[in-house]
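One chain comes next, on its own, written out as structure tokens in the form predicted on its own.
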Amino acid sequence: MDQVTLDFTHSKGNISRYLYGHFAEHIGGVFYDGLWVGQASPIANILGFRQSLAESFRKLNPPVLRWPGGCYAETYDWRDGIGPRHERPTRVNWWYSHDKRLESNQVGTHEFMDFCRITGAEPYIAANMTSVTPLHIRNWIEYCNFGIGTTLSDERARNGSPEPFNVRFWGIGNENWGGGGQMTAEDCAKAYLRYSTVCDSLDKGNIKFIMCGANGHDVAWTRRLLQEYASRKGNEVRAWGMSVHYYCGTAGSPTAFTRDEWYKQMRQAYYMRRVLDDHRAAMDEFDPERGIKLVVDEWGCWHKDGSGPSRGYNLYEQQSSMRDAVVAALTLNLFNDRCDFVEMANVAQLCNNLHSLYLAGGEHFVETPNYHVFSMFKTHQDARHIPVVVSTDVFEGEGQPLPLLSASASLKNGKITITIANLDMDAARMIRLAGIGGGVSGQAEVTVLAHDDPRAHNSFENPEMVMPITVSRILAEGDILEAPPASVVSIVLCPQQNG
């Protein structure tokens, strides 16, 4: 018997809504024709964006959307994506050597802002620190954020947006340890200080700069980056956040994996806790007051591509099964429980790519199991964190021991949300809920995402193969909940009032 115990006597604070962020890069079929179909398309659209997808995305209360890259940002010129669409240049983008597809620039700054307004997401722009000057980024900020009266803001008005976009989140650089310039950590810190200093005076106090952090568990990069950054206290522009990217590597086929590959993937996902904790410990050496937030700019499962509906045409497109859904739930639980120092996370990516919430093409559109996890977890956004103690079995096997149950909890508007991931591919887990300093009884909405086959996924041919089921029930103290094998469970509870 497993037990999930909620400790109401203390909290790590609020769970930032930005932990439920998203990422959309100009790569493969993410935009063309995933998110974007064009205003002249016979496919129902809102300002050129696929209507069914936009409406679905809005239901998640998406807090933030990162754009335009990723690696794509490292050769992107924002001026290519403004003005009349029929006059915009066609470019060879970052990913051309992989798929020989050109960039039409039909989606640029204004279109991205349209999508954010349609869906309710706050824009986060990942700016190019690799192949342009600091002035280039500064001009982009002025174009986006300055009121009427400058040449650039007047140009924005002529292009259809007299009101400023007021973009607060700006990433300065992307993966500068790799494709973003092959920089050392010290060079990256110096470049960040140079670029952010030039940009800071334009919209001082409003912009939140995010500097490029490490690849995966490269804690040495973080330590060297922040040592160089902290050594210039008299001149530095304070970073709001430092990014980290972490992907679960390939563990067999996305839809035909073995039992061993299931647990390999779970271990990779569970390793996120080490990534977060060890980077924060290194950051604390130079930022003991924790003024710099940890931002997981990119995360998810990275499988071999070609399993999606485009059959390899869309670069890195992959199917997402119940295995990916459980990884998503486990990861979000880890973020929730570290809400005191992880402020933002953006799953990669939104459509037709890695760990996507959607697959789309032509008239077809489908929500993946990952989408349903985000829907089940959305009530955690801006809720008060409740610490959770999980008592469960441990899978030994090869590698680090893996707890077979993951959970997190929060309180908002008088309702308790408990989210559980059953990492056990082989058996259901019988779970007793308990409370310290509070009760876990009352009226509950219990949602279960599961399938008899953990390899199950949603396709154009069968878009509802994996769907959540919600039931209403009364939970009493000591009641037992069943989490099916390889499943995700959410409980939204109105606690019973004593007296």
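For every residue, the number given is its place in the sequence shown, counted from 1. It should be emphasised that the depicted structure is a prediction, and the values quoted were computed from it without experimental measurement.
The next section is about a form of this same protein that is not shown, the form predicted in complex with a small molecule.
J.: Indicate whether the small molecule has at least one heavy atom within 4.5 Å of a heavy atom of G70 in the model of the complex.
T.: Result yes; G70 sits at the interface with the small molecule in the model of the complex.
J.: With the cut-off set at 4.5 Å between non-hydrogen atoms, does Q349 touch the small molecule in the model of the complex?
T.: Result yes; Q349 sits at the interface with the small molecule in the model of the complex.
J.: Looking at the partner-bound form in the model of the complex, is E298 within 4.5 Å of the small molecule by any heavy atom?
T.: Heavy-atom contact with the small molecule at 4.5 Å: present for E298.
J.: Residue-level question: is I420 within 4.5 Å of the small molecule in the model of the complex, judged on heavy atoms?
T.: No - in the model of the complex, heavy atoms of I420 and the small molecule never come within 4.5 Å of each other.
J.: Considering the small molecule in the model of the complex, which of W302, F169, W240, W262 comes within 4.5 Å of it through any heavy atom?
T.: The residue from W302, F169, W240, W262 that makes the contact is W302.
J.: Which of these residues, L354, V244, A328, M211, gets a heavy atom within 4.5 Å of the small molecule in the model of the complex?
T.: Among L354, V244, A328, M211, a heavy atom within 4.5 Å of the small molecule in the model of the complex occurs only for L354.
J.: Pick from 371 to 379, 70 to 78, 193 to 201, 134 to 142: which stretch has non-hydrogen atoms within 4.5 Å of the small molecule in the model of the complex?
T.: Correct option: 70 to 78.
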